Every structure is written in C-alpha cells, then in structure tokens.
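What follows is a single chain, given as structure tokens, in the form predicted alone.
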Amino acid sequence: MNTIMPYHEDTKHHLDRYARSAGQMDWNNQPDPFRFYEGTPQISLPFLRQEPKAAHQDLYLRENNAFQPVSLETIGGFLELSLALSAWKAVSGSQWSLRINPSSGNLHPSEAHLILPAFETSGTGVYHYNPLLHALEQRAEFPSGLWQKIQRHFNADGFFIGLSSIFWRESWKYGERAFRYCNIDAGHALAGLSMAANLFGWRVIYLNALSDKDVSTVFGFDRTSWHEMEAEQPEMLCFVCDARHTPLPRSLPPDLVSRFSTLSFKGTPNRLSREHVNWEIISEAAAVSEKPKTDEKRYDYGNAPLLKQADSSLSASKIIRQRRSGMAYNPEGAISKEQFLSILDKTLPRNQFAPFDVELGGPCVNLLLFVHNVNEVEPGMYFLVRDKNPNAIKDACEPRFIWEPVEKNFPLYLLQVGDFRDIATHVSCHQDIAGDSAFSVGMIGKFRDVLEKSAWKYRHLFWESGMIGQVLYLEAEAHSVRGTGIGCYFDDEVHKLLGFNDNTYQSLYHFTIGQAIEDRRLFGYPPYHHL
C-alpha cells in the first residue's frame, strides 16, 4: 500500500541535522512571485469603493453580514480582501510585496482560479486571478448552456474558486520540506477566502468528493504547457454562494467534468526561474497523496456558544488588511486572559461559523500551548483539544501531566506549570520569537490512523493547520498584537516533550503571538501604488 509516512519522516528537522534544502539562497534565481498566463484577455477588477460594514466578530459570525449579489464589483472586493496585495515594503534599495494571505517565506506557492457566470463586461468561463494587477486572465470560454447546467446542479447562483500550488516556489528555499509548506499556505488561503466571503454574505463550500484529476480537468491543467518544475498542482475546488443557501452538493457530476475536458484553454504560463533543483521526494509525496474521487460528506460541528468575547475596535476589513508577521517580540509584552481565551475560541469549528464551515472535514488538529505572559493565566504548558476527544490525546501523552480544566465548558487544559520560554524556543529551531511572545503554539494532528486509511488526507492535515494559523494571525491583529507562523521546528523533540512513543499524533506547524518589535528601517507603500 502506498503511504505518505516515509515523506513525513524523511523531512523532519532534528537537533543534529535539518531536512535537506539548497543550503544557500540563489537570489538571482528566486522564483517570480507572480504567475501570468501570457496571451490571455485581461479584465481589471474594481477596488472597493467602500469597506464592508463589518465588525471584528463578523469575520466569523454570519447573522450581521447581508447578502450582496455576485458581480465583478463584489468579486473584486472578495479577492481584494483574501488574496490581493496588502502593501509594499522597501529597505536599502530592495522592494517586495506583501499579500493579504500569509505565506511561508513570503514565497506564495498558491494560485487561484475562478469559474464565473457572465457579467455585463465579461463572458462565462475559467479565469486565473493575477494579484499583482488585481485582474482576471480569461483562460477558457464556456459554450452555450454549460453554466445553466451547473446552476441546475447546485440549484443556486454563485461561482467557483479553486487553489493550486507551485512546489518550486517553496522548494527553491526550503528544499524537501516545501511540500508541507505549500499545503499550509493552501490552508491559509482557504481560511482567507472563507472569511472574506462572509463579509459579502457568502459562504465557501469545499467540494470534497472531487478527485485531483477532476480539479485539474476543470482548470485545464492537463492541457497547459508548463515550464519544467513549474506546473501548478491542483489542491481544491470550492463553490461560493449565498450563505443562507443549504444544502448544496459537494461534487460535480461526471458529465459536467467531461464538458470541461472539451474546452480550449488559452495562455502560456510565464517562466518563474532560469534554473531548478528537482526535489524528487516532493513529486513522490504529491503522487502518493493524490486525492481520488470519494463520497460526498457533510460535517456537523455543533453550535457551541462563544465564550465572552474580547472584542476589537477595528473593523473586519482593517484587521484583514493590516495582517503582518512579527519578526521579533518584546518578552515583557502581555495580553489579557480574556483576549487569550477569545483568540483560542475562534479556532474551534462550529456550524455557520467561518472559516471552518467550509467543511474540510472533522477536526484533527489540536493545540499545544506554551503560555509565557498572559495576565491571570499561570505560565506553563497547556493543551486545547479541538478534535473533541481529550481522552485519546491524554492517553498518548506523558502520564505526569495534570490535565486541569482552565475554563468551564471550554476544552483548554493545564498540563504543567512552569517557565517554558527556553523549551518553546528550543523546539522551534532555537527561534527567539517562540519564547519572547505572550504565548506560542504547536499544532498536533491525529496522524497514523487518519493516513493509513487515506494518504491524501496528509494534505488536509496541513490545510487545517494553515486555516488555524490564519485565524491566529487575524485574532492577533484584532487585539493589537501580532502573530508569526513557524515552519521550522524539531518534530521529534516536540513529540518527546509530550511523551509520544509512536506516530499516532504528529507536530505539523508552530505559531507565536505577542507584542511585536517593529523594524523601523522598513518603508511602506500602498498595495497598488504601481498601478
């Protein structure tokens, strides 16, 4: 039986050696962060004339967000608040862009493709989103009647958006571990899409029954001439529609997928780098974790009430736009207990609660927490059980942990009191940001039992981790602190700390939140000043 386990084991960082990478940055060969489909008609998207009237909590809750009809204007706003540029930064003659969606190393392996109905100035078809120009590149036109068949299948007005990954963008810097990071970034982007859609009264639904080959067919990847090592790998296809519309199919019938195979796709992908390094282990991991067709599934996350909310004076769109990664933290910077619990509460999946109601699957990722400086919370090691099964993770852990509940009817447990700053720094590849923050996180996923049945769910584990990361990023901004995703950690040192003796659970992604120290050497420019 094919398994993804060897890839995961082979790409672990260890105290005496890191996972293989190039070892140095070949800056002259850095991949272009923007994909263009050259030779395609372009449609410039309008920018928002007015920000959505949505408050902090409306990122997640649905009741206050009125439905807005789908148009080029609202689609432009949706993309502007999910995948567009957020700023340009410059220092010492160098300039680079930042985006709304976070990315490992700011390398952005994720690309977005849309299937849209006809509007006044554009036809029905398949489009690629170009964030540099905030424009759509039309890759294929629909024949008469195809969109009507799609509408009848879903019995709803809406549109599709899908994500793909370019592995080379990440492997240029991170080598064989890049497959992990590409999937984390897909999760970041998926969460960003879900929360941005919510502000327009829309909901993003993951079409969980489709195979990767189906998604590739829909977006014409099987009919695209890629430059070597620069192909886009299909990740997911989602349907976006009125959030009040339920239920919806989680698939496309074979005859509709077959219709996409007859479309003529235009556009030549631009070359991203002059030279490449072929990390064969990544190609092998992608092949082993390819998703087949599966049965449609719906998920019920329950309707647990939110804890008392630590609210923010910032609007939802302001929080989205100003998200940044902290580069250094003030170890004296603290947050309140109310803020801490409110941040963690937003990571729990609930029905009709963005972003997890995209229905990626049942929750599999839990949070190990190193609390350093949270007022009224003892410093120590804690655990947030997101998968609703505290006994399973408790049985897998070191028996000396006390598992003391922190808050009534909330799945947060104290494991051990103490100063864990040095340990948090140590297990996160000696990075000070993990110990200097208010608290840091290790995302611990159910592993062996999930992947022995379905190797393709390896990608889902990292998607879920990335979705949690995006929530943590936005919650940090909402509470006037900052977050940083940490992809470098010593996998088995985390497992040893928790007392794991097998791979029933594995560490998947780290994160840290605290009072950031700003780098005053940097200059900022508006996101689209170049236009």
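Only a predicted model underlies this, so the values are computations on that prediction, with no experimental measurement involved. Quick note: we count residues from 1 along the sequence shown, nothing fancier.
Omitted from view is the form predicted together with a small molecule, to which the following refers.
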*Given the small molecule in the predicted complex, answer whether the residues R99, G105 and Q431 all have a heavy atom inside 4.5 Å of it.*
yes
_Only one of H372, R139, K457, R323 gets a heavy atom within 4.5 Å of the small molecule in the predicted complex. Which one?_
R323
*Of V70, L45, L498, C488, which one comes within 4.5 Å of the small molecule in the predicted complex, counting heavy atoms only?*
C488
*Based on heavy atom distances of at most 4.5 Å to the small molecule in the predicted complex, which listed stretch, 157-165, 180-188, 310-318, 279-287, is the contact stretch?*
180-188
*Answer with yes or no whether T484 is in contact with the small molecule in the predicted complex, where contact means some heavy atom within 4.5 Å.*
yes
*Touches the small molecule in the predicted complex: Y473 (any heavy atom, 4.5 Å)*: yes
